[in-house]
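Take a look at this single chain, the form predicted on its own, given in structure tokens.
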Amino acid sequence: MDIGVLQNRVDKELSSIKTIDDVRKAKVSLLGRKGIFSEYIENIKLLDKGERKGAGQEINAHKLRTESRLRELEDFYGEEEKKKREAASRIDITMPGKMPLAGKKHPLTQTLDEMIRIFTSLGFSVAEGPDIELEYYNFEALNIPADHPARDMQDTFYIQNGIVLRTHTSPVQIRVMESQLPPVKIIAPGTVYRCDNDISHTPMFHQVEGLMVDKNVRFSDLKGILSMFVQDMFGKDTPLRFRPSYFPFTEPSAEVDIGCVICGGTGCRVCKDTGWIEIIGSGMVHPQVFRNVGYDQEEITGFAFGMGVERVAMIRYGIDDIRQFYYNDIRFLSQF
């Protein structure tokens, strides 16, 4: 057994130590159960009986020196590591502070706030209802029975029998009319859900629906209210048209289109090359809806309308893909 080789191996291991982690590794490789010293002590039994005692004493003496040296290195590099941690955690109060990024309202929230501001300035109050809705309120009470073809237009998410994720905020109108007598003048902002997903539709989106019920409410009142809204939201020079349409809960019904702000009316993929974008569905409340809530349709009339907040925001800000609102890209959101 060559003790000189042991010395060289130990010296080589000690000389490679540069950090406290190296010290810990060296303690294992030198003094551990499978370390260098354990290896030499195990091999003592291979020596002649007369050589064993001297070899054992020499190995133990060298082991003691190594342990002492490792303690010194551990103290040294441990203190060095401590100083590094303290330096890293120290706050220099003379350094200029970092300004935190200020949060902003999401563009959809900004748009919804503006829509609510406009309608409340016209005398409407805000009403809300549940996102998870009974089929009765989502369909039947709005003159959409189970066999009605309009059910196919809704692309509904069914939770279980008789319960759905609401496809529009019109159920709020029914709940309000059931709970109070005319006059009623409300808007119902909220989240709605449909199985639809492309550049102008998302499975979850937001709507603002409106309802005005009283004696002698006319279609001209509806046109006046919506014209004022469009001019306030998009500017007084915004092209506007009312186009006959069909909704089961209104009769007569009309859709409101405005000139496409993306292409300026020349035609693009957002307006489907028509130069117009439909933003509002509207009409006079169907007599059957009044009967369903117990109103006397001979005494009162009313109109209803609904629009998507995302669609309004796209037009207002010139955005050609509705999905941008939900990507949470800070570069996009910080523009608003």
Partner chain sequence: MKVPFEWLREFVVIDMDPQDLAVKLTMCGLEVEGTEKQAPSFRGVVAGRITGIDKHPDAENLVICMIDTGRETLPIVCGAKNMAAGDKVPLATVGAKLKDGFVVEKKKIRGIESSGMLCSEKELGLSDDHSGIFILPDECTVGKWLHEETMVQDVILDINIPPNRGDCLSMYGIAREVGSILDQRAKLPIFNLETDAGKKVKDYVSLKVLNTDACPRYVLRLINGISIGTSPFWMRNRLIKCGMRPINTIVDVTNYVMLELGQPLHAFDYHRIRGKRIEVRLADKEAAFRTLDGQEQKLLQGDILICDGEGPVALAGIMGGENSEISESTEDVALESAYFNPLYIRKTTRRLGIKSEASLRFEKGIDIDNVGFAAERAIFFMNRLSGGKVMKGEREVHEKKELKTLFVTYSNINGLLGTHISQQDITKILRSIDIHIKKEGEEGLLITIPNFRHDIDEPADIVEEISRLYGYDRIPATRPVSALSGQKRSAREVSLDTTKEYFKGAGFFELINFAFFSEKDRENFLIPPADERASFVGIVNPISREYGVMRTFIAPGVLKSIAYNINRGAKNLRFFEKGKVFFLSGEGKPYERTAICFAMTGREAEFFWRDKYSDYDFFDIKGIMEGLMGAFGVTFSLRKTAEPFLNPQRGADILVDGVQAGWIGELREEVLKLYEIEQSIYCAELQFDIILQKVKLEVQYSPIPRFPQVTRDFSFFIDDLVPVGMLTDKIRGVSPLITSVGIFDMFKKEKRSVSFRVIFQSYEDTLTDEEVNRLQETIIKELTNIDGISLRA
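Numbering follows the first chain given and starts at 1. Note that the structure is predicted; figures quoted are calculated from it, not measured. Rigid core (definition): largest C-alpha set, two forms, superposition within 1.5 Å.
Heads up, the form predicted in complex with the partner chain isn't pictured, but that's what we're talking about next.
Of the residues 82, 90, 105, 71, just one reaches the partner chain in the predicted complex with a heavy atom at 4.5 Å or closer; this is 105.
In the predicted complex, the partner chain lies within 4.5 Å of some heavy atom of residue 126.
Using a 4.5 angstroms limit between non-hydrogen atoms, residue 6 is distant from the partner chain in the predicted complex. The partner chain in the predicted complex comes within 4.5 Å of a heavy atom belonging to residue 131. Remark: residue 244 counts among the residues lining the partner chain in the predicted complex, judged by a heavy atom distance of 4.5 Å or less. For the partner-free chain shown, 325, 326, 327, 328, 329, 330, 331, 333, 334 of 304-336 come within 4.5 angstroms of the partner chain in the predicted complex, judged by any non-hydrogen atom. Core-superposed comparison between this form and the one not shown: CA of residue 94 displaced by 2 Å or more.
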